[in-house]
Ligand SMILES: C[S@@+](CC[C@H](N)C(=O)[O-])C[C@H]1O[C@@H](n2cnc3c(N)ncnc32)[C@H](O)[C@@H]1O
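Next up: just one chain, as structure tokens, the form predicted alone.
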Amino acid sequence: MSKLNIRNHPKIDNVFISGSFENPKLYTKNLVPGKQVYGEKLIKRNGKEYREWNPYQSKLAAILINQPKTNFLKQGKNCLYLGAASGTTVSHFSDILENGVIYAVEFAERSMRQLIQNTAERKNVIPILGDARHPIEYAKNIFTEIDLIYQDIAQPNQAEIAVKNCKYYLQDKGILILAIKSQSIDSVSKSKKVYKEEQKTLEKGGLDILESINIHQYAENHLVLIGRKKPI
């Protein structure tokens, strides 16, 4: 472990890697030193503390392992996170977008309690108890422009929910990252058909699809679509 070489990711701001770029381990610099969120390893190097980022526990890490062409993670960006759960990926967003704000929307009260506990010391995270299907309901809790929407929810109308939130919150040319779980939409139809229909919904809703990323290796039956909101 003493020989572990943690260094800047060559393409993504405020993300760090060890090992080869083709098969890396991912890390973020801990915004709250000494604190774990989900049992992740904490590693100190050159006076800084890093959190190991497991792609099997965070779909965002799985996306980055697949080397997306779109650079959507930049310090100071503001993110609306739909389906925040207990805050595993939210906490890494917090590390990366350290000068921005992460609005973390979660519907389940039990998960919300865990989210609040896990992000209490992270001043750039605002937990919101809300239903992503009704974006107007949490408008009073959002007080900045939104540059990025990240959605990871198990609902049958995932793309429709994303479009509603993009129309209401995402600024023109802002980025949407939608993690589609095909089995939550249709447990009978083939995954490829489900993904195609969801992409059509996004395109009809005013988004240009920039790329799709298969993360089945880390999250079964999941495909990620990255889109950009068209200017009105």
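Residue numbers run from 1 along the displayed sequence. Because the structure is a prediction, the values reported are computed rather than measured.
The form predicted together with this ligand is left out here; the points below concern that form.
Chemist: In the predicted complex, does residue 127 come within 4.5 Å of this ligand, counting heavy atoms only?
Modeler: No, residue 127 stays farther than 4.5 Å from this ligand in the predicted complex.
Chemist: Report whether the minimum heavy atom distance between residue 97 and this ligand in the predicted complex is within 4.5 Å.
Modeler: No - in the predicted complex, heavy atoms of residue 97 and this ligand never come within 4.5 Å of each other.
Chemist: Quick check on residue 160: any heavy atom within 4.5 Å of this ligand in the predicted complex?
Modeler: Contact check for residue 160: no, nothing within 4.5 Å of this ligand in the predicted complex.
Chemist: Would you please decide whether residue 59 lies within 4.5 angstroms of this ligand in the predicted complex, comparing each non-hydrogen atom pair?
Modeler: Because a heavy atom of residue 59 falls inside 4.5 Å of this ligand in the predicted complex, the answer is yes.
Chemist: Which one of 73, 101, 146, 153 is close to this ligand in the predicted complex, taking close to mean a heavy atom within 4.5 Å?
Modeler: Comparing distances to this ligand in the predicted complex, the residue within 4.5 Å is 153.
Chemist: Are 89, 111 and 131 jointly within 4.5 Å of this ligand in the predicted complex, each by at least one heavy atom?
Modeler: The answer is yes; 89, 111 and 131 each reach this ligand.
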